[in-house]
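First, one chain by itself: the form predicted on its own, in C-alpha coordinates.
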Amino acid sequence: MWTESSEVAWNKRYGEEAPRIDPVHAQFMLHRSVRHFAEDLLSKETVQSLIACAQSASTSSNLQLYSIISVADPGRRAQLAELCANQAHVLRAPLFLAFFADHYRVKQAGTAVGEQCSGLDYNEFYTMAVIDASLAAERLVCAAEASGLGVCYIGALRNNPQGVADFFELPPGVVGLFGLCVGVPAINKDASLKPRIGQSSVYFEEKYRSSGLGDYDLRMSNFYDQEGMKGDVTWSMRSGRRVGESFLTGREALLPFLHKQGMDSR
(Lines give C-alpha, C1' and ligand atoms only; values in the text may rest on other atoms or scores of the structure.)
Protein backbone atom coordinates (compact mmCIF):
# COMPACT_ATOMS: atom_id res chain seq x y z
CA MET A 1 0.00 0.00 0.00
CA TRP A 2 2.74 2.46 0.98
CA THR A 3 6.04 2.51 -0.86
CA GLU A 4 8.54 4.00 1.61
CA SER A 5 11.42 1.78 2.62
CA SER A 6 11.90 1.12 6.33
CA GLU A 7 14.94 3.43 6.25
CA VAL A 8 12.89 6.28 4.75
CA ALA A 9 10.06 5.64 7.23
CA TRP A 10 12.49 5.78 10.14
CA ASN A 11 13.96 9.03 8.86
CA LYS A 12 10.50 10.57 8.50
CA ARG A 13 9.55 9.47 12.01
CA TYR A 14 12.73 10.53 13.78
CA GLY A 15 14.70 12.76 11.41
CA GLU A 16 17.80 10.57 11.65
CA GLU A 17 19.49 7.64 9.94
CA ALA A 18 17.83 4.30 10.59
CA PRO A 19 19.49 1.44 12.47
CA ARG A 20 19.21 -2.09 11.11
CA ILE A 21 15.48 -2.83 11.00
CA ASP A 22 13.85 -6.25 10.94
CA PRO A 23 11.96 -6.41 7.61
CA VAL A 24 8.91 -7.78 9.42
CA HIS A 25 8.77 -4.63 11.58
CA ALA A 26 9.02 -2.21 8.68
CA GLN A 27 5.36 -2.46 7.63
CA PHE A 28 4.19 -1.35 11.08
CA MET A 29 6.23 1.86 10.85
CA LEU A 30 4.37 2.87 7.68
CA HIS A 31 1.07 3.50 9.47
CA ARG A 32 -0.65 6.80 8.77
CA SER A 33 -4.20 8.13 9.03
CA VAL A 34 -6.19 7.79 5.80
CA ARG A 35 -9.09 10.18 5.29
CA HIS A 36 -9.77 9.66 1.57
CA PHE A 37 -11.03 6.29 0.40
CA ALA A 38 -11.88 4.59 -2.87
CA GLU A 39 -15.54 3.63 -3.23
CA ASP A 40 -14.76 -0.11 -3.05
CA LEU A 41 -16.99 -1.78 -0.49
CA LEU A 42 -15.54 -4.42 1.79
CA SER A 43 -17.02 -7.89 1.50
CA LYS A 44 -18.90 -9.48 4.37
CA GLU A 45 -16.12 -12.06 4.60
CA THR A 46 -13.46 -9.35 4.90
CA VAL A 47 -15.37 -7.65 7.71
CA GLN A 48 -15.86 -10.97 9.51
CA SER A 49 -12.14 -11.66 9.18
CA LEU A 50 -11.21 -8.22 10.54
CA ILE A 51 -13.54 -8.68 13.52
CA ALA A 52 -11.96 -12.08 14.17
CA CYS A 53 -8.55 -10.39 14.21
CA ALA A 54 -9.88 -7.84 16.71
CA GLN A 55 -11.25 -10.59 18.93
CA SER A 56 -7.91 -12.39 18.78
CA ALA A 57 -6.26 -9.54 20.70
CA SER A 58 -5.28 -9.97 24.34
CA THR A 59 -8.08 -9.26 26.83
CA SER A 60 -7.75 -8.92 30.58
CA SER A 61 -8.90 -12.10 32.36
CA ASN A 62 -10.71 -13.05 29.12
CA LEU A 63 -13.52 -10.68 30.17
CA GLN A 64 -13.71 -9.14 26.67
CA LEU A 65 -15.15 -5.88 28.00
CA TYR A 66 -15.86 -4.25 24.65
CA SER A 67 -18.29 -4.32 21.75
CA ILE A 68 -18.00 -3.17 18.13
CA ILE A 69 -20.86 -1.78 16.03
CA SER A 70 -20.73 -1.09 12.29
CA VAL A 71 -22.87 1.59 10.66
CA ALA A 72 -23.62 1.20 6.93
CA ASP A 73 -27.06 2.71 6.35
CA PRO A 74 -26.45 6.05 4.54
CA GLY A 75 -29.01 7.97 6.59
CA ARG A 76 -27.67 6.69 9.88
CA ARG A 77 -24.09 7.28 8.74
CA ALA A 78 -25.00 10.91 8.05
CA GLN A 79 -26.46 11.25 11.55
CA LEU A 80 -23.35 9.66 13.03
CA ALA A 81 -21.08 11.99 11.09
CA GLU A 82 -22.92 14.93 12.67
CA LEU A 83 -22.21 13.45 16.10
CA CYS A 84 -18.54 13.11 15.13
CA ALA A 85 -17.77 16.76 14.31
CA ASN A 86 -19.09 16.44 10.73
CA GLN A 87 -15.92 14.75 9.50
CA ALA A 88 -16.34 13.83 5.85
CA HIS A 89 -14.45 10.54 6.12
CA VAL A 90 -16.91 9.31 8.75
CA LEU A 91 -19.63 9.75 6.15
CA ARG A 92 -17.72 8.30 3.19
CA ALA A 93 -15.54 5.49 4.52
CA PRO A 94 -16.57 2.07 3.12
CA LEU A 95 -16.59 0.64 6.65
CA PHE A 96 -17.20 2.51 9.88
CA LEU A 97 -16.80 0.74 13.20
CA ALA A 98 -17.58 2.16 16.63
CA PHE A 99 -15.82 0.68 19.66
CA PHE A 100 -17.43 0.60 23.10
CA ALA A 101 -16.42 -0.14 26.66
CA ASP A 102 -18.99 -2.77 27.61
CA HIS A 103 -19.82 -3.92 31.13
CA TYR A 104 -23.40 -4.83 30.25
CA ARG A 105 -22.66 -8.23 28.70
CA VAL A 106 -20.53 -9.58 31.53
CA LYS A 107 -22.95 -8.21 34.14
CA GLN A 108 -25.83 -9.98 32.43
CA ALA A 109 -23.84 -13.20 32.38
CA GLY A 110 -22.71 -12.90 36.00
CA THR A 111 -26.14 -11.93 37.32
CA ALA A 112 -27.68 -14.92 35.56
CA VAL A 113 -25.52 -17.25 37.66
CA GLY A 114 -26.12 -15.41 40.93
CA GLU A 115 -23.08 -13.09 41.10
CA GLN A 116 -23.34 -9.48 42.32
CA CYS A 117 -20.76 -8.05 39.87
CA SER A 118 -20.30 -5.04 42.21
CA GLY A 119 -16.68 -4.58 41.17
CA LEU A 120 -17.86 -3.13 37.86
CA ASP A 121 -18.53 0.17 39.66
CA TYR A 122 -14.79 0.69 40.16
CA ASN A 123 -12.46 2.63 37.88
CA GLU A 124 -10.30 -0.47 37.43
CA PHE A 125 -12.97 -2.24 35.39
CA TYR A 126 -13.65 0.82 33.23
CA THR A 127 -9.90 1.04 32.62
CA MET A 128 -9.85 -2.63 31.69
CA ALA A 129 -12.68 -2.08 29.21
CA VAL A 130 -10.86 0.83 27.56
CA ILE A 131 -7.67 -1.21 27.29
CA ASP A 132 -9.52 -4.25 25.92
CA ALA A 133 -11.25 -2.14 23.26
CA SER A 134 -8.02 -0.38 22.31
CA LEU A 135 -6.08 -3.62 21.98
CA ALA A 136 -8.84 -5.12 19.84
CA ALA A 137 -8.98 -2.05 17.60
CA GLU A 138 -5.23 -1.90 17.06
CA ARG A 139 -5.08 -5.63 16.25
CA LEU A 140 -7.80 -5.02 13.65
CA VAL A 141 -5.88 -2.01 12.30
CA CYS A 142 -2.68 -4.03 11.90
CA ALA A 143 -4.61 -6.73 10.04
CA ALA A 144 -6.35 -4.18 7.83
CA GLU A 145 -3.12 -2.42 6.91
CA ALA A 146 -1.36 -5.72 6.23
CA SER A 147 -4.04 -6.47 3.63
CA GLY A 148 -3.71 -3.09 1.90
CA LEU A 149 -6.47 -1.16 3.66
CA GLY A 150 -6.21 2.27 5.25
CA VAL A 151 -7.69 3.43 8.54
CA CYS A 152 -8.43 6.54 10.58
CA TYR A 153 -9.39 6.57 14.26
CA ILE A 154 -12.25 8.91 15.24
CA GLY A 155 -11.95 10.29 18.77
CA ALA A 156 -14.89 12.61 18.09
CA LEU A 157 -17.21 9.72 18.91
CA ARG A 158 -16.78 11.02 22.49
CA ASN A 159 -17.90 14.58 21.66
CA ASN A 160 -21.51 13.87 22.57
CA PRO A 161 -21.67 10.85 24.91
CA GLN A 162 -25.44 10.98 25.40
CA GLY A 163 -26.12 11.58 21.72
CA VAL A 164 -24.00 8.55 20.82
CA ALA A 165 -25.78 6.48 23.47
CA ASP A 166 -29.16 7.46 22.05
CA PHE A 167 -28.02 6.79 18.47
CA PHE A 168 -26.80 3.28 19.28
CA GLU A 169 -29.50 2.60 21.91
CA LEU A 170 -26.86 1.70 24.47
CA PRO A 171 -27.91 -0.09 27.67
CA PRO A 172 -26.43 0.82 31.08
CA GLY A 173 -22.79 -0.17 31.37
CA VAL A 174 -21.86 0.67 27.77
CA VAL A 175 -20.12 3.84 26.54
CA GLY A 176 -18.68 4.89 23.19
CA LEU A 177 -14.89 5.22 23.05
CA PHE A 178 -13.83 5.88 19.47
CA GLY A 179 -14.67 5.16 15.87
CA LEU A 180 -12.62 3.68 13.06
CA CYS A 181 -12.86 4.36 9.34
CA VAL A 182 -11.61 1.51 7.14
CA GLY A 183 -11.28 1.18 3.39
CA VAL A 184 -9.06 1.09 0.33
CA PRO A 185 -7.05 4.34 0.22
CA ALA A 186 -7.88 6.67 -2.68
CA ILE A 187 -5.03 6.46 -5.19
CA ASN A 188 -5.11 10.19 -5.98
CA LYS A 189 -4.85 11.34 -2.35
CA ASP A 190 -1.67 11.28 -0.32
CA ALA A 191 -1.54 10.42 3.37
CA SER A 192 1.59 11.69 5.05
CA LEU A 193 3.73 9.77 7.47
CA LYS A 194 3.92 12.02 10.54
CA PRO A 195 7.07 12.57 12.64
CA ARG A 196 7.13 11.22 16.18
CA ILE A 197 8.89 12.31 19.35
CA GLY A 198 12.39 10.81 19.54
CA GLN A 199 12.75 7.50 21.34
CA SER A 200 15.04 9.01 23.97
CA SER A 201 12.09 11.15 25.13
CA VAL A 202 9.59 8.27 25.19
CA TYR A 203 11.49 5.05 25.91
CA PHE A 204 13.46 4.76 29.16
CA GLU A 205 15.32 1.93 30.88
CA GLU A 206 14.78 1.08 34.54
CA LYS A 207 13.07 4.34 35.63
CA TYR A 208 11.31 7.42 34.31
CA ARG A 209 13.33 10.43 33.35
CA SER A 210 12.39 13.71 31.74
CA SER A 211 14.59 14.43 28.73
CA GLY A 212 12.64 17.11 26.89
CA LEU A 213 11.60 16.97 23.24
CA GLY A 214 14.95 17.22 21.51
CA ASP A 215 14.44 18.60 17.99
CA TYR A 216 10.81 17.53 17.75
CA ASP A 217 9.32 21.03 17.64
CA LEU A 218 11.59 21.87 14.71
CA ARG A 219 10.80 18.65 12.85
CA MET A 220 7.08 19.12 13.34
CA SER A 221 7.27 22.76 12.22
CA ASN A 222 8.88 21.56 9.00
CA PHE A 223 6.13 18.96 8.65
CA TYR A 224 3.43 21.60 9.19
CA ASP A 225 5.01 23.70 6.45
CA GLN A 226 5.01 20.73 4.06
CA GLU A 227 1.34 20.07 4.83
CA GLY A 228 0.35 23.70 4.20
CA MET A 229 -0.20 24.41 7.90
CA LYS A 230 1.31 27.15 10.03
CA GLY A 231 4.91 26.11 10.53
CA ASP A 232 5.54 28.95 12.99
CA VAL A 233 3.18 27.24 15.44
CA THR A 234 5.20 24.48 17.09
CA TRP A 235 4.03 21.09 18.33
CA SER A 236 4.42 22.33 21.91
CA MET A 237 2.18 25.30 21.17
CA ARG A 238 -0.46 23.20 19.39
CA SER A 239 -0.42 20.47 21.99
CA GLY A 240 -0.50 22.88 24.90
CA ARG A 241 -3.65 24.39 23.44
CA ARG A 242 -5.17 20.99 22.67
CA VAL A 243 -4.99 19.94 26.31
CA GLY A 244 -6.79 23.09 27.43
CA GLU A 245 -10.43 22.97 28.51
CA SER A 246 -11.60 24.86 25.41
CA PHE A 247 -10.65 21.86 23.24
CA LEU A 248 -12.80 19.32 25.08
CA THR A 249 -15.65 19.99 22.57
CA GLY A 250 -18.32 18.31 24.67
CA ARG A 251 -16.12 15.62 26.18
CA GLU A 252 -16.19 17.36 29.56
CA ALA A 253 -19.55 15.61 29.94
CA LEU A 254 -17.95 12.17 29.72
CA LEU A 255 -17.40 11.54 33.45
CA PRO A 256 -20.98 12.46 34.47
CA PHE A 257 -22.21 10.27 31.62
CA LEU A 258 -20.06 7.37 32.82
CA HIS A 259 -21.58 7.71 36.27
CA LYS A 260 -25.05 7.80 34.72
CA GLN A 261 -24.23 4.56 32.92
CA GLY A 262 -23.12 2.97 36.19
CA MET A 263 -19.41 2.99 35.30
CA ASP A 264 -16.23 4.49 36.84
CA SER A 265 -18.06 5.68 39.97
CA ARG A 266 -15.59 4.44 42.59
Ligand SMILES: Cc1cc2nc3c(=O)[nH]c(=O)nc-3n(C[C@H](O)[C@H](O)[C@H](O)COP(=O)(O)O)c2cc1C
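Sequential numbering from 1, following the sequence displayed. Fair warning: this is a prediction, and the values are worked out from it, not measured in the lab.
From this point on, the text means the form predicted together with the ligand, which you will not see here.
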4.5 Å heavy atom contact, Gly155 to the ligand in the model of the complex: yes
Considering non-hydrogen atoms and a 4.5 Å limit, does the ligand approach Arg77 in the model of the complex? no
Should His31 be counted as a contact of the ligand in the model of the complex, where contact means heavy atoms within 4.5 Å? yes
Could you tell me if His89 has a non-hydrogen atom within 4.5 Å of the ligand in the model of the complex? yes
Using a 4.5 Å heavy atom cut-off, which stretch among 122-130, 102-110, 165-173, 188-196 contacts the ligand in the model of the complex? 188-196
